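The chain that follows stands alone, in the form predicted on its own, written as structure tokens.
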């Protein structure tokens, strides 16, 4: 990237929207996965869709790569900057464009915080269902890119189930609109392709979201268990009984103690706790509550706490959602993994993780969305100890192998990004990856939009190039092979 190109960006969108000082650019060198770092060539902070289009057009004309970034709370290196590219920081595009209660929707710019959506519509008796643990600080644009979930995704689904439409700038600067208010739009489901594409297809500039009416009754309870086996079996029994709670979360002893030290939620000192939330009509919730109490007793659950009011409910959830940050009290650094397993295999996989902890000598805390089998093991290490960071990465990779061994997935909500691109061939064959690459090429023939993410490349993985590991521009000739 040349100084002349940066001058051109300043002419197009104004110097106040361009960050070129190297010390200031350090702010953007990583997302929440701090083990991956790369300083951008330049950062821009647009306020309007026209400024986004101007930046993307300039990149397209000059062949300069670009990466869109929200609040930087991602945990897979998905917003890792390109060292010779433009980082498009979307935080200034944070307006609520329209609240449409009769049609149960809200339209926002991508820089709006997740929790702010619910705050805006609470007076009308509505809320926004997807609730990542970082919902206080993560933005809607990043949620869309990663197809984020959260504690309540078991019953209400992921971001993709709540996005009705989007406005996006294509890699050549063209502005497109996909989806909309209609329940079933005709044609290809391009909105479904865009959500979860990790910023590799376009830069989203506006999002229309589905709103839900607040349920009549909500009941939150917490139970302790003397083993993760018993807690895991209780989760399977709840679902087998035909009950779909709004949320079922599990924490192990390591994360319980960390959360207790950080925010004092009043959790029992146990090998595991389950947090279950039921919502719906009062009669239905009361009946399900009795069933769950019996299931917990059957699996040696004890110390059941039932939230008496919103304050106590908030305290329980504060303990759960503070778990990631609280692990800083346990270790100076930790590596967050994200994999998915069938619910019925929870006890087995947790035993393997515990054995891996003993074999590696690294502490591993477990906190996860137990209802849908989405694990978030936290591998603790100390950067000051030579080799521990590399060991932590190997341990995290081994946990992913456990997930795949039992028929699970590489990621539940954090995405592939730069972190897990090398693992994609473990889950997908050559033809699968080639087909995905062809879809990407259809949107971005020059491979400028968030390059080096999602797909394994020789540069990132040190592997012998194969057809599906080719640069996007080179993959265009693969159609006849698929």
Partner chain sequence: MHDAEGRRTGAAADAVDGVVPRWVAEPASQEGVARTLAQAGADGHAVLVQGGGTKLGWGPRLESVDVLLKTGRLNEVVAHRHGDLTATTQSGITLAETNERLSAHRQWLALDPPDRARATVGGILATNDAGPRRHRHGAPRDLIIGMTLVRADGVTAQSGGIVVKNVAGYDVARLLTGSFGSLGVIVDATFKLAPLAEASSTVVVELPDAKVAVGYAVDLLSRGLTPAALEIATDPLRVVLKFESLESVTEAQAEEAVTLAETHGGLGQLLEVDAQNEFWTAHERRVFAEDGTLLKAVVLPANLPSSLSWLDEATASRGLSYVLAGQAALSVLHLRLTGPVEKQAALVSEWRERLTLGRGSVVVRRATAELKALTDVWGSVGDTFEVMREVKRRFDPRATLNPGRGPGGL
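The structure presented is a predicted model; accordingly, all values stated were derived computationally and were not measured. Numbering follows the first chain given and starts at 1.
FYI, the form predicted in complex with the partner chain isn't displayed, but the following is about it.
Name the residue from 445, 451, 32, 425 that puts a heavy atom within 4.5 Å of the partner chain in the model of the complex.
Contact with the partner chain in the model of the complex is made by 445 alone.
Please pick, from 176, 261, 385, 97, the one residue with any non-hydrogen atom lying within 4.5 angstroms of the partner chain in the model of the complex.
If I apply the 4.5 Å criterion carefully, the residue I get is 176.
With heavy atoms only and a cut-off of 4.5 Å, decide whether residue 441 touches the partner chain in the model of the complex.
Output for residue 441 is yes: heavy atoms within 4.5 Å of the partner chain.
Check residue 184 for me: does it contact the partner chain in the model of the complex (non-hydrogen atoms, 4.5 angstroms)?
Within the cut-off, so yes.
Quick check on residue 390: any heavy atom within 4.5 Å of the partner chain in the model of the complex?
So residue 390 does not count as contacting the partner chain.
With the partner left out here, check for me: in the model of the complex, does some heavy atom of residue 147 sit within 4.5 Å of the partner chain?
Flag for residue 147 set to yes.
Which one, 394 to 402, 80 to 88, 224 to 232, 240 to 248, holds residues whose non-hydrogen atoms are within 4.5 Å of the partner chain in the model of the complex?
This holds for exactly one stretch, 240 to 248.
Would you give me the residues of 357 to 383 that have any heavy atom within 4.5 Å of the partner chain in the model of the complex, in order from first to last?
Those in contact are 369, 372, 374.
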